[in-house]
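In structure tokens, one chain follows: the form predicted on its own.
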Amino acid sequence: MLKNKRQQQKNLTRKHLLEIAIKQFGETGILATRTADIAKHANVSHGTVFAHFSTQEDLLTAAVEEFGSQITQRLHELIDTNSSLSKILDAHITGLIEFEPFYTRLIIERRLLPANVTNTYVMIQSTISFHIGIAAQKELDQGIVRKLPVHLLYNTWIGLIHYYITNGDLFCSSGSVLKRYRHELLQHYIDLITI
């Protein structure tokens, strides 16, 4: 019983560290955030961070995996219910809004990050692309979407999202650029690709 409680506490501490890390990476920048900063904001000792993640790279990889897991799970559930492409894209934006500061830093700093982190990011994007591609292919087959290669449908969508995120200061002086423009971006994209 005592071992079970220790494991539960360990899991809660790890989850808390990931939440704080994602927040700090988003606020300060991935490369500028130190493990000591995360420990301070999590109200734990610096050693506690390393008890859960052996290196800062491991912590960052786990943060990217957590972000990816939450987004891809939502998309997977919608695919299972045979949802429309529009609903899948809206769920994608909803997930990105939840992690927008972190995701913004991730796409801006990605080329400077360790290969392991970049590979994790690429796997997440591939999974998102796969889920969006399933819905897009269904609507291509139904004649709803223009006859375009599925990879271009995804790349156009992610390009639009990334443009707004990385240039958020030009579109939105404060707050979430995706929250502010979500409906406009979604409608514009759907208008571009539908017949």
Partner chain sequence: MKQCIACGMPMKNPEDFAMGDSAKEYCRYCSRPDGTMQSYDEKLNSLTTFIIKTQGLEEKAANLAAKSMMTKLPAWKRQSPI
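Positions refer to the first chain, counted from 1. Since we're looking at a predicted model, the values are computed, not measured.
One more form of this protein should be noted, the form predicted together with the partner chain, which is absent from this view; the next part is about it.
Trainee: Even though the partner chain is not shown here, does residue 108 get within 4.5 Å of it in the model of the complex, heavy atoms only?
Mentor: So residue 108 does not count as contacting the partner chain.
Trainee: Just to confirm, residue 48 within 4.5 Å of the partner chain in the model of the complex by heavy atoms?
Mentor: Residue 48: no, not in contact with the partner chain in the model of the complex.
Trainee: Closest heavy atom of residue 122 to the partner chain in the model of the complex, within 4.5 Å or not?
Mentor: Yes, residue 122 sits close enough to the partner chain in the model of the complex that at least one of its heavy atoms falls within 4.5 Å.
Trainee: Is there a heavy atom of residue 55 no more than 4.5 Å from a heavy atom of the partner chain in the model of the complex?
Mentor: No, residue 55 is distant from the partner.
Trainee: Taking the partner as it appears in the model of the complex, which of 166 to 174, 29 to 37, 153 to 161, 138 to 146 has residues with heavy atoms within 4.5 Å of the partner chain?
Mentor: Result for this chain: 153 to 161.
Trainee: Pick out the residues of 59 to 74 whose heavy atoms come within 4.5 Å of the partner chain in the model of the complex.
Mentor: Heavy-atom contacts to the partner chain in the model of the complex: 61, 65.
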